[in-house]
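What follows is a single chain, given as structure tokens, in the form predicted alone.
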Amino acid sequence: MKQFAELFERLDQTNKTLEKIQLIADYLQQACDEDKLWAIALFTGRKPPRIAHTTLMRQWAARCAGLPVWLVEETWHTVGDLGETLAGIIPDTSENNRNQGTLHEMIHQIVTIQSLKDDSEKERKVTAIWKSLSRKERLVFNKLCAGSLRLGVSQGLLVKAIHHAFQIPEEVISRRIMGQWDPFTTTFKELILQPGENDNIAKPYPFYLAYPLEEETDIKNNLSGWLIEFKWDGIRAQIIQRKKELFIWSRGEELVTDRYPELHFLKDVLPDGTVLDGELLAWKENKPLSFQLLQKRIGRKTLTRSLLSEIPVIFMAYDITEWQGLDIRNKPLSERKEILYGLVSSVHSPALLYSPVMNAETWDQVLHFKSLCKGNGSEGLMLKKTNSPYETGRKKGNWWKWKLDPFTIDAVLIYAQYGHGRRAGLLTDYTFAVWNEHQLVPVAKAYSGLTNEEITELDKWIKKHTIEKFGPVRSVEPFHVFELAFEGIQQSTRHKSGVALRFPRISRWRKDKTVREANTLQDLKALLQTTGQI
């Protein structure tokens, strides 16, 4: 337990990918097999059952610490994290220094406590565990008890760490940790170390990435030999069918097959030895839905019927890299497109679409195609040489991407709260508003875009100009104006303003503007009417 608590703390203290990989790899090499298995389970979202509602946990901690519940509540609102709050208020005792056993033993204790019917008996056992743990161990224990453990590690990063520790190919690891395996019924050796007959059938090809279009390129003056496609606003992915098995890989090197059941039929209709490159899109009534809706599907372990109906997903194919078991990446793009078009046409399914291809003789025609992007839900254009092979990584020359410029508005800072991790002591999570007649209404939250110096300056100002506190949130004087950039806008019933912005971030601090010069809600609604839900 001490090992895992130290890993949790050190992962929270760094945002360097290579350092996280090394930390996890070191842990996996040092821990016992049972702890390795449970660490992988926790990293992949498998959790022990929650012991009790957080209200009970707060009451238990108050009694254990000899504090009134109201003070625990106030401390929680100030700290912003319940697990950290409860870990801090429990007094350390002489018992803290004894050996507390392993991660898997602690999880089995949690399972045993959860099965108890008597809350007073649960409290007695939880309190005894609190008193026997160090503060950092209590933090992990609290989060496990409440089902709120977040490790900040993607599946792709975990796969790299396991590969680094045991030298097993990444695509093999991804396939092994995918699916419905249960840490209570399997072993680390069975899950990770035992070789399988078909370990390599899930192996994807490295993605070919386009380079941002530069003004100095000569495309504008020589359009012959180029084709144009829309740059779809979804999740870049590969679909693989080999030996009657289907695998869907995201560009982030995550195996996400189980998250898109509406595409599983491709296992039976694609020829054996087929690999497609394209985009996963939320799609309904022959047009893409907003990326915000697609985000509801990302990371969901449980997909309800209503969610699948509300946000159906299709695959927009624009390349093919393997055909009838042969690697065809070196064939010209024009030939690969011909094979792909024939395949998609033969499947004839609304869930598998062929990305339209356009040709232009003049730059004005290219500009016309770009003007269509906002209306059809794409985020720009792709320009590709017809004779180009499918290369590896980001290369300059054969594939270019030309994204639309982001939208911007001027908005007023009205709320702030403390950040997390390294920014836990600074007010760095901001809420911004625009004018609705004579009232400021919140429209977006953002926490990126400022320099460290600006963050420090703004933090000091917020603390001096706080009007009111609502738990962890501070209401501040409406004084500062910021330019926000965002990728799209859509209607939203969840927000008081009635609109939601996609990927809002701070582009600059407008110290030259007064609050009355900020944009209005009418400005945003006019933009929504112009662009539609994008």
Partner chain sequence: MSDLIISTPYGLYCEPADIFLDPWQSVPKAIITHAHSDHARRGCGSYLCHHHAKPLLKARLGDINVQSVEYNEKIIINGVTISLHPAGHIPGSAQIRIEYQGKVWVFSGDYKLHHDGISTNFELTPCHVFISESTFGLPFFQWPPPDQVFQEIQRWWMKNKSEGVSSILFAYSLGKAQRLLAHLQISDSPVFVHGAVHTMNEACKAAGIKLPETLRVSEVYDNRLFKGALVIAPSSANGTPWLRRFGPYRTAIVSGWMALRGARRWQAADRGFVLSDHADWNALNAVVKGTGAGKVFVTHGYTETFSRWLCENGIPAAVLHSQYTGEQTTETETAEES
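Predicted model, so just to flag it, every value in this text is computed and none were measured. Numbering follows the first chain given and starts at 1.
Not on display, but discussed next: the form predicted together with the partner chain.
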>> Partner absent here, but in the predicted complex, which of 42 to 50, 496 to 504, 477 to 485, 65 to 73 has residues with a heavy atom within 4.5 Å of the partner chain?
In response: 65 to 73
>> Within 4.5 Å, heavy atoms only, which of 78, 365, 295, 349 is in contact with the partner chain in the predicted complex?
In response: 78
>> I need to confirm a contact call. Of 287, 396, 251, 463, which residue comes within 4.5 Å of the partner chain in the predicted complex, counting heavy atoms only?
In response: 463
>> Against the partner chain in the predicted complex, would residue 259 count as a contact residue? Criterion: heavy atoms within 4.5 Å.
In response: no
> Within a 4.5 Å heavy atom cut-off, is residue 85 in contact with the partner chain in the predicted complex?
Replying inline: yes
> Does residue 433 reach the partner chain in the predicted complex if we count a contact as any heavy atom within 4.5 Å?
Replying inline: no
> Would residue 143 count as touching the partner chain in the predicted complex under a 4.5 Å heavy atom rule?
Replying inline: yes
>> Given a 4.5 Å distance limit between heavy atoms, list every residue of 6 to 27 close to the partner chain in the predicted complex, or none if there are none.
In response: 8, 12, 13, 16, 19
